[in-house]
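To begin, one chain is listed below as structure tokens, in the form predicted on its own.
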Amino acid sequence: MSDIGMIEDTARRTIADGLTTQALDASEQGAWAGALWERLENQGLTRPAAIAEGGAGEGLEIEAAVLRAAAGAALPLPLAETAIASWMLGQHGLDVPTGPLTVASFAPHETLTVEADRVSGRLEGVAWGRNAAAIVAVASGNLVLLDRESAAISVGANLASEPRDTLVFSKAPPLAIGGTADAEALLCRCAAVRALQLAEAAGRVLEIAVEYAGQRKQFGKPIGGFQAIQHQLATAASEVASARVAAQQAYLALAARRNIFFACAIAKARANDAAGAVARIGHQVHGAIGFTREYPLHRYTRRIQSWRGEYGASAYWNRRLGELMLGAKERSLWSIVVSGI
């Protein structure tokens, strides 16, 4: 097993040991899985890039491995958000504080401003905002690190009952201010992470559906023996494969620092559509039992439906890709597809 494989396996075992059904249910009622977070933090898994010894490329590879493990377990903790925030702070030479971190949505309507070294404005849909020690955002064109305690918080949640809160800052002193930040580049970074999570959640839905189809019997034989079910599962498998490849390409682009927008846009659009299709097929194969709280399928399909709209829905990224290609008048469509832009 490679070093990356060992790290992913360690993350999976650590999460499996600490994430019980009771803990999952409690998290949906707003409970914070503090003991599991502390265990992950002690193993360095909340800052996966810090484990790397071989530079940015290896750091991203380790991050992807840890986030695959988290998404595959429906982990109710901001592991992805903390990894993104740590990376962004590192890129700006800022110290990374301890504890869980999160990031803004980097949506165009966000209007944080800095005046006399004080930050004011409103952030909506902040993942795990109430639990994060600090939030990474962009204010007046600069990267800022904001203290959760300095915000007025209105709690909210997505379809998967993960915290998505509104934070309002009024002349709040930032914990740190970095250099000029490109909000669109940060959005691409977040989109790549959500694409990876979507692909892994879709893969888990496929695994659950295949297992169920092999066990559930109808007319004296497993439903997986019926051609219609086989076709559905084959379709789901192709969707999972395409989402995983697209997410991998986004991470490779980030590591190489080229074609980042192009690769991340494709990854998020493809993962959005693929995971949505797999979630639909998963429920079709299961029938009524797939909608019950006691059965695990919903933990993944609800996350899929929530994550699809975060950091850019398919329509947003497809439109941006179309604009990008139409603007490259000197290039053929085929040359853009095969080499990026």
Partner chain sequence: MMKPPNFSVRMEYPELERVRHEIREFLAGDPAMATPRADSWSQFDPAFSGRLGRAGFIGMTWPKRYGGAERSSLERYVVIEELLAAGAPAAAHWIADRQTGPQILRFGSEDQRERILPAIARGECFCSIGMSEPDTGSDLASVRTRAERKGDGWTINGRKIWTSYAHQSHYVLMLCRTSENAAARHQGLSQILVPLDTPGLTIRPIINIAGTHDFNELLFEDVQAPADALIGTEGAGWAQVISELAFERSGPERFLSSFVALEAFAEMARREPAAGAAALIGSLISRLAPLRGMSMSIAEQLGQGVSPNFEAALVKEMGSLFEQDVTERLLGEVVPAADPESSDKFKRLLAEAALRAPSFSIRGGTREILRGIIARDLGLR
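Every value quoted in this text rests on a predicted model; they were computed, and no experiment measured them. Numbering follows the first chain given and starts at 1.
The protein also exists as the form predicted in complex with the partner chain; that form is not presented, and the subsequent description refers to it.
- Taking the partner from the other structure, the partner chain in the predicted complex has no heavy atom within 4.5 Å of any heavy atom of Gly72.
- At a distance threshold of 4.5 angstroms between non-hydrogen atoms, Arg194 is out of contact with the partner chain in the predicted complex.
- The partner chain is not drawn, but in the predicted complex it has no heavy atom within 4.5 Å of Val114.
- Proximity of Val168 to the partner chain in the predicted complex: non-hydrogen atoms within 4.5 Å are absent; the residue sits far from the partner.
- Site residues Val210, Val245 and Val338 are all in contact with the partner chain in the predicted complex, judged by any heavy atom within 4.5 Å.
- In summary, the region of this chain contacting the partner chain in the predicted complex, judged by heavy atoms within 4.5 Å and restricted to 84 to 92, 180 to 188, 233 to 241, 134 to 142, corresponds to 233 to 241.
- Between the partner chain and the residues Ala172, Ala253, Leu159, Leu175, the one pair within 4.5 Å by heavy atoms in the predicted complex involves Ala253.
- For the stretch 318 to 334, the set of residues having any non-hydrogen atom within 4.5 angstroms of the partner chain in the predicted complex comprises Asn318, Arg319, Leu321, Gly322, Glu323, Met325, Leu326, Ala328, Lys329, Arg331, Ser332, Leu333, Trp334, in sequence order.
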